[in-house]
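Only one chain is shown below, in structure tokens, and it's the form predicted on its own.
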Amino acid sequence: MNGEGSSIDFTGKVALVTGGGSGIGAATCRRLAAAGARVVVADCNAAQAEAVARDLSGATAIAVDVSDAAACEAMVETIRARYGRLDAAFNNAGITEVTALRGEPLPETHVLPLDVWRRVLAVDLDGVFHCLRAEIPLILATGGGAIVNTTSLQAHISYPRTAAYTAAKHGVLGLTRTVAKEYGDQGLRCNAVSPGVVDTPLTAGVIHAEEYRDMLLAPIPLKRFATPDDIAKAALWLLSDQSAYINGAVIAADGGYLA
């Protein structure tokens, strides 16, 4: 699943990445660009999206809040107007309860604030649906292509005090399978990647903290956390013609955690 030294080639293709301004999204943008794609870097943080796009030949930055259906439609309309096609989409934007709570302690489910529940679902589940709804017609008009959605370990398992995130990621897995069933005969594949514990600036303060590091590493047979590029390689492969017979699948890029 590595574009280096392989026949993965996106020359002449247009690829959209949401959450492309940092972490897994930014790493995937770089992988797609290196494989020849014209990359659309979409993120709610315009400055971060623009910073990533500046470093990639032929890339475009778009500011978008995926929880806003109209904004997702406008994003894809911009792609249609600028490029006339969309070959690949990585629906990767997401948040967690930690993000929505702005660092406050995670509450138990029965006292989870409704606004936190709604915000996490709005970005992580509604946001994927909004993107799919906008992307599918243009990909079909292009002649087919591939979509990858980011799920999580929590599309398969759960942790206490993560009701919203767990529910959203289970939902994304269901959406992925539904789209795969509906559109496969029209040349559109839809798969998912489930990252394990990923070492990013956002998570570093927790996963490297003395009280959490050993606990988080213990279930991972590879005994290391994922890098954003580890996940980007999996997403790149799923978006490419190298996975032409893979549809409705989920790759757990988790170092063996679920095993």
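Remember, it's a predicted structure, so these values are computed and weren't measured experimentally. When you see a residue number, it is the position in the sequence shown, counting from 1.
The form predicted together with a small molecule exists for this protein as well; it is not shown, and the discussion that follows is about that form.
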Would the small molecule in the model of the complex be within 4.5 angstroms of a non-hydrogen atom of every residue among N45, D65 and T150? yes
Tell me, please, which stretch of 183-191, 76-84, 90-98, 136-144 lies within 4.5 angstroms of the small molecule in the model of the complex when heavy atoms are compared? 90-98
Answer option from V198, A35, A51, I220, heavy atom within 4.5 Å of the small molecule in the model of the complex: V198
Quick check on this chain: which one of R177, R161, H170, R119 has a heavy atom within 4.5 Å of the small molecule in the model of the complex? R119
Although the small molecule is absent from this view, report whether L202 comes within 4.5 Å of it in the model of the complex, heavy atoms only. yes
Please determine whether A235 contacts the small molecule in the model of the complex, using a 4.5 Å cut-off between heavy atoms. no
I'd like to know if V123 sits close to the small molecule in the model of the complex, meaning any non-hydrogen atom pair within 4.5 angstroms. yes
The small molecule contact at S243 in the model of the complex, heavy atom, 4.5 Å: no
